[in-house]
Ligand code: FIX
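First comes one chain, alone, set out as C-alpha cells in the form predicted on its own.
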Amino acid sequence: MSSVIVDSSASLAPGEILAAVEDELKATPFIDVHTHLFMPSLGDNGLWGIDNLITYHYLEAELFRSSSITVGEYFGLTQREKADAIWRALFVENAPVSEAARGVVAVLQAFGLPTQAPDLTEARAFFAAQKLDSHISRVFELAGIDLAVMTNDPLDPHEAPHWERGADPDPRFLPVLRLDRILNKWADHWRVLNALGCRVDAEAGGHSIDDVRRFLAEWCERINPVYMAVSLPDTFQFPESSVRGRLLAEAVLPACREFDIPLSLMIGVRYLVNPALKLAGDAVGKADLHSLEYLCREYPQNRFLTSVLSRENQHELCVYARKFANLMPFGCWWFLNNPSIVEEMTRERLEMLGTSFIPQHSDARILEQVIYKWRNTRRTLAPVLANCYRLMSEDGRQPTRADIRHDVRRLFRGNFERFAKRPRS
C-alpha cells in the first residue's frame, strides 16, 4: 500500500481547514496537566473500573434529581449497590444525555462494552480481568495522552507512606505537590506536621514558617514535582495576615522560587454548600481577582498556573494574562467543563491570547474518564480552532498544515513544557 505524503507547507483551501485541524488534534499526544490519577506504585489511591466510574460524584449529584432514593439511603449502600442505583436511574430509566452520563457511555463504547445493558454484569467482568499497568497504557492511548500530571498531598495518610518508602516512578505520570491541607486546613493539620517533626503551632508562629518551608523543600527533593498547587475559595484574598496568607508569602512562594517551579492556583470553590452530598456538595463562587493581580505584579520571579471556577471571572483572567507573562491560564475547570462553556471560553482565550494558554485538562478522578474527557475536548475544539484559521484566511494569511501542527502542539504540550521548564519531548 502506498502512503500519501502531505505537503505541510502548502496553503490550505477553506474547505480543507477543519479536516486538517481534526487530523492534527488526533495525531498529537496531549499532556494532561491536572488530574487526580495516581501511578501504580502509589497503591490503591488510584481509582479505576466501572463501579468507580458510575459512582463519580457528578453522577451522585445527578442521581438525587432523577430518583426517589434519599441521600441517607444512598450513602448507606455498598459501592456496588450505589453503582447499581445510579445505573438504573440514569442509564436505564432515563437516557444518559448529561455530560457526565454520556462520558460513561463513551468509555463503555471505547472498550466494546454494551451501552444499553440492563445491569453492569458484563462491564464488571471486563474490568475485573484487566491488569492495571497495561490497562493504563491502553486507556492513555484511547485518550490520546502520553503524560498525566498527578495531585500528590504530602499530608494524605493513605498516600504519603508510599512516597516515604520510595515509590517507583512511572514515566507516564508527573508528580505535583498539593498544599490544600497546609494552606486551607491548617487548624486540622498543624498537629500532623508537628508529629512529623515540624516545630509548628496553631497560629503558625515561632519556627512554623521556617519549618513549613523546610518540609516543602524535603518533599520537593523526594518527589520532584512539576508544580505546587492549591484550590482556593471564592473568598480568597492576598495579601492578608491570616495563617494562609503568611504561609503563602513566606513559605510557599519562596519554595517555588527556590525549586524554580510554578504555583497552580485554582480559585473559586465554595466548599460543601450541601454537606450531605459530601464530595458532590461543593459549588462555585465569583472571586476577586485583584489578589491574582497582586501576586503576578509583586512576585515577578514566581510563575502562576491559574484556573478560575466562575464563568464570570474568565474575561478578567484573560486580561490579566495579557498583562503578566508569569501567568498561564489553563483548563476549563470542574463546572465549566461542558462543551457549550468550553467553546465560549476557548474562543475568548484565542481571541485575546492567541495560542499562549493551555486550553484544557481532564481533572479526572477515575482513570477511564480521560477517554471521554479528551474525546470531548478534541470534538469541541476542532471547529473553534478551524474558525480561527478560516477568519485568518479571509483576512489575508493562508494557513498551512504546519501552522496548525505547530499551534496544536503548543497549546496541548509546548506551553506547559515551557512554563513548567520541563524538557521538551
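Here the structure is a predicted model, which means the values were calculated and not measured. Note that residue numbering begins at 1 and tracks the sequence as displayed.
The next section is about a form of this same protein that is not shown, the form predicted together with D-fructuronic acid (FIX).
Quick one: which of 61-69, 357-365, 37-45, 374-382 gets within 4.5 Å of D-fructuronic acid (FIX) in the predicted bound form, going by heavy atoms?
One stretch meets the cut-off, namely 357-365.
So D-fructuronic acid (FIX) isn't shown here. In the predicted bound form, which residue out of 82, 178, 244, 349 has a non-hydrogen atom within 4.5 Å of it?
The option sitting close enough to the partner is 178.
Sole residue of 279, 129, 195, 202 within 4.5 Å of D-fructuronic acid (FIX) in the predicted bound form, by heavy atom:
Selected option: 279.
Every residue in 56, 231 and 333 with a non-hydrogen atom within 4.5 Å of D-fructuronic acid (FIX) in the predicted bound form?
Yes: each residue has a heavy atom within 4.5 Å of the partner.
With a cut-off of 4.5 Å between heavy atoms, is residue 136 one of the residues that contacts D-fructuronic acid (FIX) in the predicted bound form?
Outside the cut-off, so no.
Going by a heavy atom distance of 4.5 Å, is residue 266 a contact of D-fructuronic acid (FIX) in the predicted bound form?
Although D-fructuronic acid (FIX) is absent here, residue 266 would touch it in the predicted bound form, with heavy atoms inside 4.5 Å.
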